[in-house]
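We begin with a single chain expressed as C-alpha cells, specifically the form predicted alone.
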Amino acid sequence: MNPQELVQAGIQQAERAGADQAEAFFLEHSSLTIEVRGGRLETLRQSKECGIGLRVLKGGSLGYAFTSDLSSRALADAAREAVANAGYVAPDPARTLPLPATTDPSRAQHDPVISDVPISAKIDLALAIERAAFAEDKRVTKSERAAYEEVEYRVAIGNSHGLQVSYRGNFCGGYAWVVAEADGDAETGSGLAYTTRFGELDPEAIGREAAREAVRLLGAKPISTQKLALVLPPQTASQLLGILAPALTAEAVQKKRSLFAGRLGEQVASDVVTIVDDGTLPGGINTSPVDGEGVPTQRTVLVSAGVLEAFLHNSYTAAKEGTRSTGNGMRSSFKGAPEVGPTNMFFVPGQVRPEDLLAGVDKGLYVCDLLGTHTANPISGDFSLGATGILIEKGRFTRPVRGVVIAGNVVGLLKEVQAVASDLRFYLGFGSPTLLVQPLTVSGE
C-alpha cells in the first residue's frame, strides 16, 4: 500500500477497534551523513525509518500506539493497543482532531537534485569544505571534522473527519570544526549552512567561515569586569531563540512553565524587536504545507515592535483556550503524538547594515559564542552564560576575549536591544540578523 492507503487503513482499523475518532500519521525518514578528516573519508552513515502512529479518541480519552511493521495485522494490533491505552487516560473535552482545511502543496520543500547527486560527489563536497578551511589561513592546522548531511522525508496524515494530506520534503547542508594555532594558543572555529536547494550549498564558504572564526580568537584573554554594549551576530542571536522558543508555546503557558505567562499585550522587548514563526517561509528548513496534525501552516507574529502578541498552538492547546491552532503541532517521529513547537522562528531584520551598526559602537563586545544556553531558566528567563568574543573600541575590533560571563534575564536583554541589522541568516529552524544590545555588565577578572 502507498502512504495514503496505509493512513486510511489505519483509521479504519482504529474505528473497528472501537475508537470514536482516529488519526493516522505516516512518516518515512532517511538521512545521510558523510564526515571527512585530513583529506580522507572517515564516516559514512545512512539510516532510514518508516512507520505509522495511531491517535484515537474514545469517550473523550486519548490513546496512542505506533508500529514500524506496516502489515495489515500489525496495523490492527496497533489500533487495538491505542484504543486500550485510551482506557487509562482521563477524559478531556479539549482533545480533538482537526477538520479538513485548504492546503497549499507548493509549500512542500523538496529538491529532487539532492537525492540524484551521487554519493561520490557528496564526499567531494565534504572534502571541499575542509580544503577551503585550510586554504583560508595557514594558522588553521587541524580539522576536527568536516561533513555533508542530508535529510529526506515523506509524510501522510489523515483522520476520521476526512482530513487527508501528503507531501515530501528534504534539505541538505554542511559543517566544519577546525583548529587554528599560533604562539602556543589554539582556538576552535565552526562554520555551517543548510538549505533546501542543493545548488545553493557553498562548501568553500562553510570552510572559510570555520577558519575565520578560529583565527580571530587566537590570543584571546579575559578582561576586567565592565559595562559593554553587546553585538550579537546572527549565529549568537539565534541561540537566544533557543531560550525563547519553548516559552512562546501555549503548552508552556498553560502548564505555567513560561516566563511569558499572563503577559499577552505587554511590552516584553524594545520596539525594534519583532519575532515571527513562519511555517510558510519559502526555503525554510521547516516549511511545509501542514503541521503534524494536518493543520495548514501559517505565519504567526509572536512579538510585534516589542509587544507580546501571540503564542504557538496545536489543536489541543487551542481548544483549551477557545482559539484555533497556529499550525504548530510538531512531530519529529511517528512514535509520539504532536506537541507544540516552532517551525522557522526568527527576529525580523531591520534596515541598517551590520558594518554600520558595528561602526557606531564606542565600547563593546562582539559575542562570537554563548556557552550554556541550555542552562537558562525557561520559567524566570534568568541566565548566566560564558562567552567568547572580540572587544570593540570606537567602532573597530581590537582584541579577542575569553573567560567572561554575561548574566541577566532574557526579557531584560530583549528590552535593551537598541538596533537590528539587515543580515538575517538561518541556522536550521532559528534565524536572526545582528543585534545591538545597550551596555550591560560583562563579568571578567
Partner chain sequence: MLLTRSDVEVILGEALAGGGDLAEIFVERRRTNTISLEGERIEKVNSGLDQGAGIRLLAGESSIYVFTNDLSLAGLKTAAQTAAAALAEGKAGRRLIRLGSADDAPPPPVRKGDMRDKVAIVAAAEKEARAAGDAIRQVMVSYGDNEQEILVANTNGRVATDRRYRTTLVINVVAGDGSNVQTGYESLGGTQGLELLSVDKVRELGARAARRALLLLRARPAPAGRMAVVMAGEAGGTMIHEACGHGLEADIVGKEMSVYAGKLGQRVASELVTVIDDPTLPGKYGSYSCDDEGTPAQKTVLIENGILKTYMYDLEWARRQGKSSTGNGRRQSFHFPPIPRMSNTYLAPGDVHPEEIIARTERGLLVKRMGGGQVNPTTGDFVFEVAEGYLIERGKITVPVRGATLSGNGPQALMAVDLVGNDLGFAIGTCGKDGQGVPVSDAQPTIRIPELVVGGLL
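Numbering follows the first chain given and starts at 1. Model, not experiment: these values are computed from the prediction.
The protein also exists as the form predicted in complex with the partner chain; that form is not presented, and the subsequent description refers to it.
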| query | finding |
| --- | --- |
| Check all three, E339, H374 and I379, heavy atom within 4.5 Å of the partner chain in the model of the complex | yes |
| Any non-hydrogen atom of Y316 within 4.5 angstroms of the partner chain in the model of the complex | yes |
| Distance check, R299 to the partner chain in the model of the complex, heavy atom within 4.5 Å | no |
| R402: touches the partner chain in the model of the complex, heavy atom cutoff 4.5 angstroms | yes |
| Partner contact for V410 in the model of the complex: the partner chain, 4.5 angstroms, heavy atom | no |
| Heavy atom within 4.5 Å of the partner chain in the model of the complex - residue from R139, R331, R145, R212 | R145 |
| One residue of G219, P91, G283, P100 in contact with the partner chain, assessed in the model of the complex (non-hydrogen atom, 4.5 angstroms) | P91 |
| Region of this chain that lies against the partner chain in the model of the complex, out of 204-212, 299-307, 92-100, 271-279 [heavy atom, 4.5 Å] | 92-100 |
| The partner chain in the model of the complex - contacting residues of 63-99, heavy atom within 4.5 Å | G63, Y64, A65, F66, T67, S68, D69, E81, N85, Y88, V89, A90, P91, D92, R95 |
